[in-house]
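So here's one chain in two forms, each on its own in structure tokens, numbered structure 1 and structure 2.
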Structure 1
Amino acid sequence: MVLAIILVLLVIGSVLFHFLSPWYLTPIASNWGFIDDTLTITFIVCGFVFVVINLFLAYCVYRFRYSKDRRAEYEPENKRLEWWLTAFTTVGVVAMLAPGLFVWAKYVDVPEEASLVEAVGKQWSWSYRYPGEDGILGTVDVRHIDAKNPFGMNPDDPNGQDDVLVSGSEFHLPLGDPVKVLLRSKDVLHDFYVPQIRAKMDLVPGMITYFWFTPTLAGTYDVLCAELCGSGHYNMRSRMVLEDEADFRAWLATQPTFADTQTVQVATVSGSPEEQGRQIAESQGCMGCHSIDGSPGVGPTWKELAGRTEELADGSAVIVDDAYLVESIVAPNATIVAGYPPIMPAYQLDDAQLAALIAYLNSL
């Protein structure tokens, strides 16, 4: 009796939870409403089966409870019933699979006119590349990657010279046009994930993966990493701004091309030294590991870092001053704070950039 009631309550509770819970799909910002539709169909079919079988289960538990004076029925098989159930299940499965495959066929078929953007992942930050005027992305290779050429652009490829490089915390896309997102990783697996566009795909070092979507809803969206990529995985963030064509063009024009980055040191940062430092920290991906509010991270927090006494892995201690900060940025593995792995890459920054960063760190 109790069991039957609890089973019924769990069924009712599950259904109510489905309809009343505040947690459900985020508002969609892409053309992949089809995905939501297939999800809904699946929910209807599965929800029906869930409710019917479990209520039947509860009924049996109640109706056929033990009695000394009764014997169970002896019915080893019932071919007809078994065939019916198999047929019914097959129909249900087809009803879910067919629309699913239909939408998948669209998903794998990138429209010819789709524009290109490349998302590049590394532990634990994102950067982006646009093909520039010629519409062609220049070739890249891991061997070309260094501090001056973080994208690994082939310097001799004419197609690459006009590529627009965005190593920042934010990238933009125009509304209404299909876009093919090419995905490239420099180190480990990552996954480009914006819940509102539904589509996602892994980044795999050694190969280029892709997916496509059409942005439909203006706004700023968090980009997350959805494939475990090490210590800073949960913190591998950036932002995607969907806006109309004109705004997009205007924004794109402010970003440097590959040729720009190789010739002049473009002034992409502005404002007070602290503000400049903040922008540099963001664009270099420092925040993938360091927090500024004291919360734990892959590396030590920056909050009240200056003047703090850090215990080092070799047992000694050091008071954090400007010299220590500079060393920690340009040669981070020379001294390691106790309890942290020696994994921070060395950054090659010029003196002005370093000064700005130090000013920023001192302000926290």
Structure 2
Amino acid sequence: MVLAIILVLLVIGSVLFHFLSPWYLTPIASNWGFIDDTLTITFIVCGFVFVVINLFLAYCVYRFRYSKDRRAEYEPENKRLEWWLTAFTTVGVVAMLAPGLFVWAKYVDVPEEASLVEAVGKQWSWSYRYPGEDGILGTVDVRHIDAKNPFGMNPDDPNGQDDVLVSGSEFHLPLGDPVKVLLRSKDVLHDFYVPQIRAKMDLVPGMITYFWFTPTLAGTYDVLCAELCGSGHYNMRSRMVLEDEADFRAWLATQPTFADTQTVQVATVSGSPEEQGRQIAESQGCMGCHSIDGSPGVGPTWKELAGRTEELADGSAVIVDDAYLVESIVAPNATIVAGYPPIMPAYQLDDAQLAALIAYLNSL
């Protein structure tokens, strides 16, 4: 009797929690309301089955409770009941799968007028690429990747010279126009996910994956990695800004093309050496592991780093000077700070870039 009451209360509490819970879908900012509808159908089907099974179980617990005057009945088969269960199960499975297949067909059918943007993931940062005036993205290859060509652009491909490269912490898109998002990983498996657009897709090393959506609500939204990709996974974030066409074009005009990045040296980048170093740190994804406000991260914080005495994993200690910082950038596994894993990759920066980055670190 007590168990039957508990089962009934469990059903009532679960249903009330579903309808009264403050935790639900975030406001949508794209055309993919179909995905919300599909999720709602799944909730309805699974919720109905949950309620029916638990109420039936409660009924059985009460109706067939133990009595010393009753003997158990043996009924090895009930074909009528089996047919009913098979029919109801089939209807439930079809109700959940059919809408998903319908939405998936639309999800991979990109409109011909969709514009292009490429999101590139690496541990643990995002960068973005737009086609230039020719509307064609240039070819890329991992063999071309270095400090001056982090996107791996093919320097001999004329279609890529005007490609717009965005290495900062945000990218922009215009409202009302469908956009095809190409996805590329430079190292391990990642996943591009913005909760408000209800669209996500894995970045698979060696493949170009994609999805599309139409931005509908202006605002700034967090870009997350939804696939465990290493120690800094939690901090692999960026921002997506949805705005009107004029603002988008104005922002895009301020971003460098691939040709610009190959002809403009770090010494001519606008700003002081510290500002140049900050731009390099952002473009190389350093902020994904190192904080500048003292908060803990995958690697040591950069706040008040210069001149600090660091304890190393081998028990020795070192004073953080320019020489140590350079070694930590170009050969990070030579000395490991105690308490941190040896996971930082070596960076190939020229002397001018190293000097600017060191100036930025010292300024903190």
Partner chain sequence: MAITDVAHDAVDYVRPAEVAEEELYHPKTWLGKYVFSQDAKIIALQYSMTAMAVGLIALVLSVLMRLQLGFPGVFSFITPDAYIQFVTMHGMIMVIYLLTALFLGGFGNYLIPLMVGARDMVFPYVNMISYWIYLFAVILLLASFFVPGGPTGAGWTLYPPQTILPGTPGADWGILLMLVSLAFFVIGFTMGGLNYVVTVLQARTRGMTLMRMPLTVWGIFTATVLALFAFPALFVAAIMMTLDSVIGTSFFMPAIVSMGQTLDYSGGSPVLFQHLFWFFGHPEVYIVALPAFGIISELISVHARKNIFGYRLMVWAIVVIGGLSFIVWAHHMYVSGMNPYFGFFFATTTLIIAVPTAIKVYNWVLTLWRGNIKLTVPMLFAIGFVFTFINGGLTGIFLGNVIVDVPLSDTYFVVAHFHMVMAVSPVLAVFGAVYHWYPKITGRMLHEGMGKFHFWVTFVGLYCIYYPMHYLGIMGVPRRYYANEGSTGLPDWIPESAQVLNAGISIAAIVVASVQLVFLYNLAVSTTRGKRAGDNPWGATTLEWQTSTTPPTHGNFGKELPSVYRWAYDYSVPGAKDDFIPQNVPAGQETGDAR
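Numbers follow structure 1, counted from its first residue as 1. All figures in this text were calculated on a predicted structure; none of them were measured in a lab. Rigid core here is just the name for the largest C-alpha set that superposes within 1.5 Å across the two forms.
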property: Chain form predicted alone, by structure number; result: 2
property: Displaced residue check between structure 1 and structure 2: residue 279, CA, 2 Å or over, core reference; result: yes
property: C-alpha of residue 327 moved at least 2 Å between structure 1 and structure 2 on rigid core; result: yes
property: Large Cα shift (2 Å or above) at residue 344 between structure 1 and structure 2, core-fitted; result: yes
property: Cα shift between structure 1 and structure 2 at residue 72, which is computed once both forms share a superposed rigid core (Å); result: 2.9
property: Distance moved by the residue 356 C-alpha between structure 1 and structure 2 (core-aligned, Å); result: 6.3
